[in-house]
Structures are given as structure tokens and as C-alpha cells.
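Okay, here we've got a single chain as C-alpha cells, the form predicted on its own, with questions on binding and movement later.
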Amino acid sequence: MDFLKRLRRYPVALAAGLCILAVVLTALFAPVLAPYDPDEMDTATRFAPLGTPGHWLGTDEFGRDILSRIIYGSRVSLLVAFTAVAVALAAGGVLGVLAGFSGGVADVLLMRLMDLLFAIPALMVALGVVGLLGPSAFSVVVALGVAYTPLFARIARSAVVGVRSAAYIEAARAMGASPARLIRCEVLPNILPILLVQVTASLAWGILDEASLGFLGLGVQPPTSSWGAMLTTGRQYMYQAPSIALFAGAAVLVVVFAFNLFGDGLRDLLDPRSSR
């Protein structure tokens, strides 16, 4: 509750957080909120225009309700983004903490490996992984998890290097605390805010990259609904049904901006050195 009270001082971040909450709830309750089955086809109503009774956002080339497909598409985008970022946070966080806390040769070797991966654009790494595994939701999760791991590793390592020589760490070490206990009780609580801020930014990139891979046909495969696949369809049928691409693109835009704005507010909230 104290966190929510403090968050109220940042109205833009609060509004972005409420927007994210609304999208998450929409994804969770998609079967209740969607007026139709997203895969239900009705060729008699194909390319129904915007505002058609019963199909308020129109229909696509197979007569499927666009609103229902956008609602169900939020499930795919959020699930892929959250899972990929969780994988990257776990893998990169462990590698970064171990490298920063141990130092020496292990630190150098791990960070040079991360630098090698970090030098390649994340989307290019994702394209390579998806090319090896084949297009699917699982492949996108693995691809983005691998692509984002170096970033979390570098951030975690930098944060650990900044606190490993602090007085309270030295005091705990002098009292006989084991390395595992030092990391769990002293290091992690102090670097967690930095990682949480990066999580929000990575979630925005995850949704954007998932949509990009879906647009290229390398993400979730038809007939499963996803925002990226809808953008591809919308590009093909821009003149017959412009609402397909318009609303799928708007969904990506709104959610990405919401995560970025919420991350900015979270950074200001958790960092006592920042100012409004």
C-alpha cells in the first residue's frame, strides 16, 4: 500500500500502470470479454467495415471478428513477452551476480561472452534462434530470452560491483556469512530495484519484438491470433479492411508506451537520487 501511495505522486506512471493492468486483465479474461471465438469464420461477413453491428471493429478476410482476435492476441503477446523476460532475468541475473561477486577470471570470461552476444542486435539473435528452432511461440520465447540475457547480465554485474565492497557487505563477511548468504541477503535486495526497472523496459521490447517476428511470419502460426500476424494480414488487405492493421498496431503502440512510461515512473520512485 505504501508503494501505491508513493506511485500516486507520478500520475503518468500511475495511468500507464492502470493501462497495463487493464491489458493483463483483458488477456486473462479473454474468453469472457471476446464476443466471438477468434477462429470462428463466417465468409458471408468477410471484410465487414468498422462499426458493423455485432462486429464493431469489422472482420478479416475469413469473416473472423477483429475485436475478438485482438483480445486473444493480447494473450500471446503478453505471455511471450513475460516468459522471455523471466528467462532472461533468471539467466542474466545469475550470470551477472556470479561474475560481479566473484571477480577475477570468471568475471572476465563471462562478461566477454555477454559482450559478444550483446554486440549482435537482439532481433538478429532472435531471428537466428527462430531460424534454428522453427517458427512457434516456444521458439520466440527462447529467442528473446537468449537475446535479452546479456543485457540483464551486464546490468546485474555492474550493480553487484557497485555494492560488493560496501561496508555492510564487509561487515557481514567478517561475521562469517557465506557467499551464498551474502548474495541472497545483502546483494540481491540492493540490486533488485535496478533489475525491476529494466524488466519493464524489456517487456516493452518483448512485445515489440514478438510483433516484429509475427509480422515476418516467424512467430505464432495461424490460425492462432497474435498482433504481429494481424499486422501482416492487415498489410495484405489494407484497402479492403484497414481496421485489421490499424487496431493491431494501436494495441502494440499503447502497450509498449505504457510499459515504458511505467518503467520511467518506477525508476524515479525507486531511485532516491532522481528528481521529478
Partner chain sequence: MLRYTLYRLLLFVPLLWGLSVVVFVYIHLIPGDPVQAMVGASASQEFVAQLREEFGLNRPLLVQYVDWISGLPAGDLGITFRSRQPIAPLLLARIPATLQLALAGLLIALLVGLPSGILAGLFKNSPFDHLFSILSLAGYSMPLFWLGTLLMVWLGVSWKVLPSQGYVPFTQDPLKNLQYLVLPAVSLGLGLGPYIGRMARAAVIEALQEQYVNYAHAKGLRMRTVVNRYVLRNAMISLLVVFGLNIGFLLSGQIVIEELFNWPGAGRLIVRAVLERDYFMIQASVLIYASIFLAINLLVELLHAYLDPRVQLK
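Treat the numbers as computed from the prediction; the structure is a model and nothing was measured. Positions refer to the first chain, counted from 1.
Keep in mind the form predicted together with its partner chain is missing from the figure; the text below concerns it.
Looking at its partner chain in the predicted complex, residues 113, 211 and 246 each place a heavy atom within 4.5 Å of it.
250 is the sole member of 34, 28, 41, 250 with a non-hydrogen atom lying within 4.5 angstroms of its partner chain in the predicted complex.
In terms of contact with its partner chain in the predicted complex, the residue from 130, 71, 159, 95 that brings a heavy atom within 4.5 Å is 130.
This chain is displayed without its partner chain, yet in the predicted complex the stretch 130-138 from 77-85, 95-103, 192-200, 130-138 comes within 4.5 Å of it by heavy atoms. Put simply, residue 163 is far from its partner chain in the predicted complex: not one heavy atom of it is within 4.5 Å. At a distance threshold of 4.5 angstroms between non-hydrogen atoms, residue 218 is in contact with its partner chain in the predicted complex. In the predicted complex, at least one heavy atom of residue 231 sits within 4.5 Å of its partner chain. When contacts are judged by a 4.5 Å heavy atom cut-off, residue 185 does not count as touching its partner chain in the predicted complex.
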